[in-house]
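For reference, the chain that follows is the form predicted on its own, supplied as structure tokens.
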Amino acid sequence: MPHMFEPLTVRGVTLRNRICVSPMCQYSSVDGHATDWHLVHLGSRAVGGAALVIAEATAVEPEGRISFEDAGIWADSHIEPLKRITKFIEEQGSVPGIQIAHAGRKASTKRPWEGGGKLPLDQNGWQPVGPSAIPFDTDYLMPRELTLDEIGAIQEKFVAAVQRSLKAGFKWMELHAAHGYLCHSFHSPLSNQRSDQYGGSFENRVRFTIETATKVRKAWPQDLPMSVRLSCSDWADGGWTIEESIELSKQLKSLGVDLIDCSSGAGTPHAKIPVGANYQVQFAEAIKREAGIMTGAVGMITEPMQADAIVRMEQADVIFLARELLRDPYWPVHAAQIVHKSDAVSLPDAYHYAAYPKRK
């Protein structure tokens, strides 16, 4: 039976354990470029024993940023600062990953600590785009509906981002198709009211993601893993459902996607989400069982035995942690002490459990 400190091999990459750093926006880039902040933020989690360290949602074009200070990979100048980070992560025994993204209709916003909401055009803001001219909320800019030519152009920018990611030294690719950003906004009838081949039926609403994932998988080396983050439910009447997520996951698996990163919500401000411990694990378990693809569980997973049980019960293959790793970058090491308490594991031994499981 698998457990949290058992290695996992996906294609040509082996994770030293099942603990992964979930992408977390830092709103601290300079014209999309990574800084020392990102080196410390990501590097410290690798030192702390996480197996996979995924960089934050990284925009494939300037207009694809959430905020003006978001990370980007739309220019070659972004490669070297990221390469410095991936090199350090690998030196610590972790796998460097990147999540490529386009914010869609949720773009051009202020940073959270600046109050969020729309970033006006005269304050470094820009015109958001989406499947339909429907704003995310009253305090967001009105998006412009994408034309068919623009849809194709954005998909090619995803491909260019993949190529730059490879040059930057990343070994795990994640396509962001969750949280109300561009891919997810095509999925949901609440944000997609198109009448062409990208709107209406399920097949049409997932077309943008399927086409983009196909192009990304083709551009990404076959010996390296690819995951897709999904909002598995909108938690709102008339929105995207877990049943649709299962069907989409089946299609993504057939394209060569290796793992579904199972999140939810953030597609509408009117969602009613029962936030609590393990509240999204049900989605990871359903997709793993029904779609036959590896999954990652995320959201309100804070305790070592809680995380270990999810893997042992085969509800998910990996655990994605965000806020808990912000609180404690060495969470994997401390978790190893607790999970292996019966073995009287010392702190140095716990580090080897977390970082080098084959040594024990």
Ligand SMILES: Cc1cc2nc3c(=O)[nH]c(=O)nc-3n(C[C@H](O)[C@H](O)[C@H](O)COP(=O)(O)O)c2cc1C
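In this text, residue numbers run from 1 along the sequence as written. No experiment lies behind these values; they were computed from the predicted model shown.
Although not depicted, the form predicted together with the ligand is the subject of the following passage.
Listed stretches are 315-323, 288-296, 328-336, 42-50; the contact stretch with the ligand in the predicted bound form is 315-323, by a heavy atom cutoff of 4.5 Å. Among residues of the shown chain, M305 is not one whose heavy atoms approach the ligand to within 4.5 Å in the predicted bound form. With a 4.5 Å cutoff on heavy atoms, Q99 counts as touching the ligand in the predicted bound form.
Looking at H184, you'd find every heavy atom of it more than 4.5 angstroms from the ligand in the predicted bound form. In the predicted bound form, the ligand lies within 4.5 Å of some heavy atom of M24. With the partner omitted here, the residue from H179, K215, R207, K118 that has a non-hydrogen atom within 4.5 angstroms of the ligand in the predicted bound form is H179. Between the options A34, I310, A57, V60, the residue in contact with the ligand in the predicted bound form by a heavy atom within 4.5 angstroms is A57. Shown without its partner, the chain has R229 as the single residue in segment 219-244 with a non-hydrogen atom within 4.5 angstroms of the ligand in the predicted bound form.
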